[in-house]
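Next up: just one chain, as structure tokens, the form predicted on its own.
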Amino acid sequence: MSRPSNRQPDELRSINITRGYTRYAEGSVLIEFGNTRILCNATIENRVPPFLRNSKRGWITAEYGLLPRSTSERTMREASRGKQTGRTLEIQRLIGRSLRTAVNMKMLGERTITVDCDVIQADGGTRTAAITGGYVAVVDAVNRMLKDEMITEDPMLCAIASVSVGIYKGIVITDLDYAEDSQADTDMNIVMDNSGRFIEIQGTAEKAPFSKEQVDTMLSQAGTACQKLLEYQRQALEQPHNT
């Protein structure tokens, strides 16, 4: 069995993380998983949602969207429709949940970090790329808070990364692009931390049920891939900003 991308079953696409991609955001990252490219901008605001007022706790949330020509045909802006789709809401909630796992909310004070994940080009795996890039943007935002003495202690609890795995023509594969995702028997999105613990597992049998043995293989390949992604993140964070 050969993949449309000619990659090995457990092989990631080419990964590139560019920090300081835009001028104004406290954390700004362009992340590329092959042909999937997402701009992740983290913004710090001195406010929290109403349910957290006077709690002395912070919050991290995310917004996600496809730009109109991020796909082969123009996608209408959701703002022009008057509401977000269920898919968009589900993805941005996943991103927010995942990023909150990495940060001690009490140490942020009553501040919100909003991570805007705008898909510039989509070729599968946009939610996993957004989480992986969003984490780096959050780290840069937190470091800005430390530099500006908004906080005095580092609130980061762990590093997180995310990858897709699935079953394509009976074979477990890692980091599905669109050609593979659209034809996959099973599609699964995994979020993990740097201790190898699972933060979220989303899995669906698209065409046929999958076995426990296949689940074990998917989780194993995801674990290996996430460790590689965590290393890409670490290397990116060691480099100076572009801005």
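Residue positions are given as counts along the sequence shown, with the first one as 1. Model, not experiment: these values are computed from the prediction.
The same protein has a further form, the form predicted together with a further copy of the same chain, not shown here; the description that follows concerns it.
- Taken together, the three residues 148, 152 and 236 lack any non-hydrogen atom within 4.5 angstroms of a further copy of the same chain in the model of the complex.
- With a 4.5 Å cutoff on heavy atoms, residue 104 does not count as touching a further copy of the same chain in the model of the complex; it lies far away.
- Although the partner is absent here, residue 232 lies well away from a further copy of the same chain in the model of the complex, with no heavy atom inside 4.5 Å.
- For residue 126, no non-hydrogen atom is located within 4.5 Å of a further copy of the same chain in the model of the complex, even though that partner is not displayed.
- Contact check for residue 122: a heavy atom falls within 4.5 Å of a further copy of the same chain in the model of the complex.
- Along 65 to 80, residues 65, 67, 68, 69, 70, 71, 72, 74, 77, 78, 79, 80 each place a heavy atom within 4.5 Å of a further copy of the same chain in the model of the complex.
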